[in-house]
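In the form predicted alone, a lone chain appears below as structure tokens.
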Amino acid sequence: MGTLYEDIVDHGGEVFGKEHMETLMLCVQCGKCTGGCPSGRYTAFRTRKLFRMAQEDMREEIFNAPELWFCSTCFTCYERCPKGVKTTDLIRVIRNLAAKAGHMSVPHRMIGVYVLKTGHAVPVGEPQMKLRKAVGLDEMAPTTQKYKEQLEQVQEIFRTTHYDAMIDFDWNTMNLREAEGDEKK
């Protein structure tokens, strides 16, 4: 394990290319990302604060920052950055590194639970089923949630990749494990 910057470049470089990840160091803290951020209007999310933490090798601070998970990946900052910093991709890579280190917000872990249980991050519930029926559609759309075999394939992917363990999924209760006083961030 190197510096956080080196880990971002190495880990993210596998997907986006190292040059893409190296743009982190181009950030001059101008504030265009933070000023245009829709999430930042309603939360404590400050893109440039996270990038300064990454540049300064503040691994534990950034991994434990709740605002790391406030980004909605809308790409507004990405498109507005005058220096071409690949902001959204960098945030996703930092999140992946944080998750691998055992830091993931409960809402993001719950998305994994929904996918494990239904095959969808936003499962079709009773209200949606009623609406579908009211407009003449089958109550359940022809998706993973409807077909058990496909759902089992999704669950096997989670097992094979160990994502179930990463989110502390309990196959017996089909929910997150309850650990005393331990709430993953």
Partner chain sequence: MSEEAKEYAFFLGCITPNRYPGIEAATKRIFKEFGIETKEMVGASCCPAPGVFGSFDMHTWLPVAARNLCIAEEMGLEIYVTCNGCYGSLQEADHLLKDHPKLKEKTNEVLGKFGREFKGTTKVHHSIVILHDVIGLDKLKERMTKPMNDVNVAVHYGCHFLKPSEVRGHGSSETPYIMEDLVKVTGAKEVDYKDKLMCCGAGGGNRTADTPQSLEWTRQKLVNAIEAGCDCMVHPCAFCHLQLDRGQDEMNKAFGTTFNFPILFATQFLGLAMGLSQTECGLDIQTTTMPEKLLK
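Heads up, when I say rigid core I mean the largest set of C-alphas that superpose within 1.5 Å between the two forms. These numbers come from a predicted model, not from an experiment. Residue numbers count along the first chain shown, from 1.
One more form of this protein should be noted, the form predicted together with the partner chain, which is absent from this view; the next part is about it.
J.: Answer for Arg52 alone: is it within 4.5 Å of the partner chain in the predicted bound form, judged on heavy atom distances?
T.: Taking the distances in the predicted bound form, the answer for Arg52 is no, it never comes within 4.5 Å of the partner chain.
J.: So in the predicted bound form, is the partner chain close enough to Pro123 to count as touching (4.5 Å, heavy atoms)?
T.: Yes, Pro123 sits close enough to the partner chain in the predicted bound form that at least one of its heavy atoms falls within 4.5 Å.
J.: Does any heavy atom of Gly35 come within 4.5 Å of a heavy atom of the partner chain in the predicted bound form?
T.: Outside the cut-off, so no.
J.: In the predicted bound form, does Glu56 come within 4.5 Å of the partner chain, counting heavy atoms only?
T.: Residue-level check for Glu56: no, no contact with the partner chain.
J.: Report yes if all three of Thr3, Leu24 and Cys27 come within 4.5 Å of the partner chain in the predicted bound form by some heavy atom, otherwise no.
T.: No residue of the spot touches the partner chain in the predicted bound form.
J.: Going by the partner chain in the predicted bound form, which residues of 136 to 156 come within 4.5 Å of it through any heavy atom?
T.: Residues within 4.5 Å: Leu137, Ala141, Pro142, Thr143, Thr144, Gln145, Tyr147, Gln150, Gln153, Val154, Glu156.
J.: Aligning on the rigid core, do we see the C-alpha of Phe158 shift 2 angstroms or more between the shown form and the other one?
T.: Yes.
J.: For Ala101, decide whether the Cα shift between the shown form and the other one is 2 Å or greater, given a superposition on the rigid core.
T.: After core superposition, the C-alpha of Ala101 moves less than 2 Å between the shown form and the other one.
J.: Please say whether the CA atoms of Ile157 and Asp10 come closer or move farther apart in the predicted bound form, knowing the change relative to this form is 3 Å or more.
T.: Between the C-alphas of Asp10 and Ile157, the gap narrows in the predicted bound form (3 Å or more compared with this form).
J.: Comparing against this form, do Asp10 and Thr161 have their CA atoms pulled together or pushed apart in the predicted bound form? The difference is 3 Å or more.
T.: Here the pair is farther apart than in the predicted bound form; there, closer.
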